[in-house]
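As structure tokens, one chain now follows by itself in the form predicted alone.
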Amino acid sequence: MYSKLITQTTLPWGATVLSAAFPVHGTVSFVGSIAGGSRMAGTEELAKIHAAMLAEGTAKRTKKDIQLFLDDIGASLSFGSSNDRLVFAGRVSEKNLHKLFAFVAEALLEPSFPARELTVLKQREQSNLALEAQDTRTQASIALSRALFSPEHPNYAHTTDESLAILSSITRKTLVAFHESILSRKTLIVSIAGDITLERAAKLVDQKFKKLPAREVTLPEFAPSEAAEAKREIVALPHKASIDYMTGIALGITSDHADYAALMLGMQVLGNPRGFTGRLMKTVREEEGLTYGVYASMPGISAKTDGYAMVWGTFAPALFPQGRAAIRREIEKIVDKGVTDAEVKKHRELYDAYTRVQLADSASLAQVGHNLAAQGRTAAYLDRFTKTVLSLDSKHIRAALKTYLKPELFSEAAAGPIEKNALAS
């Protein structure tokens, strides 16, 4: 089904182009990227500022010129960064897509990185980091990532203080050097969904982006992380009203591993991050009344990066000991006793429905196509993986949970008005 919806081709000079027909009355949505992101930059801050600066000016246009241009053709456009990609995404009428692609190529080939706009962006990001420093959920997440991964791993996060220091060191010269190191047509991916054919999409990409340099770009290597010992980290934020708690374990596998589907569905049974259907919400919230929110997920995992299993909950300080104990209890229970056939059936159907919703609008469809190509996959992968998920039973899931979720090796992190010995036992 999905393989018929999303088609793709590779241009002679290396770019991957994807297209998905979608009835949106003459408009298209697109997501494109080249290799880059925080892995190439070495820091999330540099990757983030670099991406944002591409919309701040080129050799031919000022920031105001760019804004007027986008308004004139009725387009939206944004630049951003991921773990390993510099991303551009937008929406425009099909008849003006060639104009917008021409500008994206201009922004990539001739960015001006104006000093004044860089100063403004850095001040804005400094304010964001000041807010981050007081955000209990973010601080717990940073602390857990540092407990689970080495500094060389893509899932390792800098502290807020480290990010502030990195931010202050970013200059126009830094941005120019980084941009030159990643700019390459060979790593280009462009995914378009809407009123357009694959032939038309490929022709436009060939016309507008072929002038990008044919540079060889290789992402830094890293060693997979596996659970070795349980660590406990506390970030004291004494004036906050609640405590954010996270516990997790490094998995050492990517999403291409044979056990991934079963483990993913098992984590969904434990604490579905997309709703109220997980065990954790039923027990810790509804039955015991200890929290407003508690979920389980598998962040930081892709076809190229090993991730981790994680449970998050937020608690009033007086209820934190009980909440923490309840989460640990539910993890131990699902590992020890597995899941029921009824739970598996329910969550198989939920996963299938969620996948269909992902493809319900042109922007989401373009994003799905892009992500497939970025992971070295085709649309046929969606068909195969969905079929695998729908074939899972309770035995498959119990085996995966027992293999990868070792309760005694779960690290913990908490941020908020919490005592320094709160995770000691």
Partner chain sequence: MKTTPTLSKVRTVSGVTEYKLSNGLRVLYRREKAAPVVAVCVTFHVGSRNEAPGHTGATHILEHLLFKDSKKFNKKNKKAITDYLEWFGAKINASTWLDCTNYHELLPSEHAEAAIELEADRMRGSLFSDADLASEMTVVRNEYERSRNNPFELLEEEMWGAAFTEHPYRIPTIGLKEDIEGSTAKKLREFYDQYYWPNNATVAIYGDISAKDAEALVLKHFGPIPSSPEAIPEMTIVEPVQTESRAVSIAKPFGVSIVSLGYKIPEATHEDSPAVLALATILADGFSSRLQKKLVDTGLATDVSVSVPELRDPGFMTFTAQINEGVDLAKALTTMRKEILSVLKTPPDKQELARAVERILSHIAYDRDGVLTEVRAVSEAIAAGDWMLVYRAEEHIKAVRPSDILRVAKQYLVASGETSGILKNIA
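Residue numbers count along the first chain shown, from 1. Everything numeric here is computed off the predicted structure, so don't read it as measured data.
Form predicted together with the partner chain: not shown, discussed below.
Novice: Does any heavy atom of P12 come within 4.5 Å of a heavy atom of the partner chain in the model of the complex?
Specialist: Looking in the model of the complex, residue contacts with the partner chain do not include P12, since no heavy atom lies within 4.5 Å.
Novice: Whether R146 contacts the partner chain in the model of the complex should be assessed with a 4.5 Å heavy atom distance threshold; does it?
Specialist: R146 lies outside the contact set for the partner chain.
Novice: Taking the partner chain as it sits in the model of the complex, is G275 in contact with it (heavy atom to heavy atom, 4.5 Å or less)?
Specialist: Flag for G275 set to yes.
Novice: Is there any non-hydrogen atom of L423 lying within 4.5 Å of the partner chain in the model of the complex?
Specialist: No - in the model of the complex, heavy atoms of L423 and the partner chain never come within 4.5 Å of each other.
Novice: Can you pick the stretch from 361 to 369, 378 to 386, 393 to 401, 52 to 60 whose heavy atoms fall within 4.5 Å of the partner chain in the model of the complex?
Specialist: Looking at the partner contacts, the answer comes out as 361 to 369.
Novice: Suppose contact means a heavy atom within 4.5 Å; in the model of the complex, does that hold for all of K64, D71 and V357 with the partner chain?
Specialist: The answer is yes; K64, D71 and V357 each reach the partner chain.
Novice: Just one of K282, R329, H257, K203 has a heavy atom within 4.5 Å of the partner chain in the model of the complex. Which one?
Specialist: Contact with the partner chain in the model of the complex is made by K282 alone.
Novice: Which of these residues, A165, L350, A133, L319, gets a heavy atom within 4.5 Å of the partner chain in the model of the complex?
Specialist: When the partner chain is considered in the model of the complex, the option within 4.5 Å is L350.
Novice: Using a 4.5 Å cut-off on any heavy atom, which residues of 24 to 58 would contact the partner chain in the model of the complex?
Specialist: Residues within 4.5 Å: V24, H25, T27, S29.
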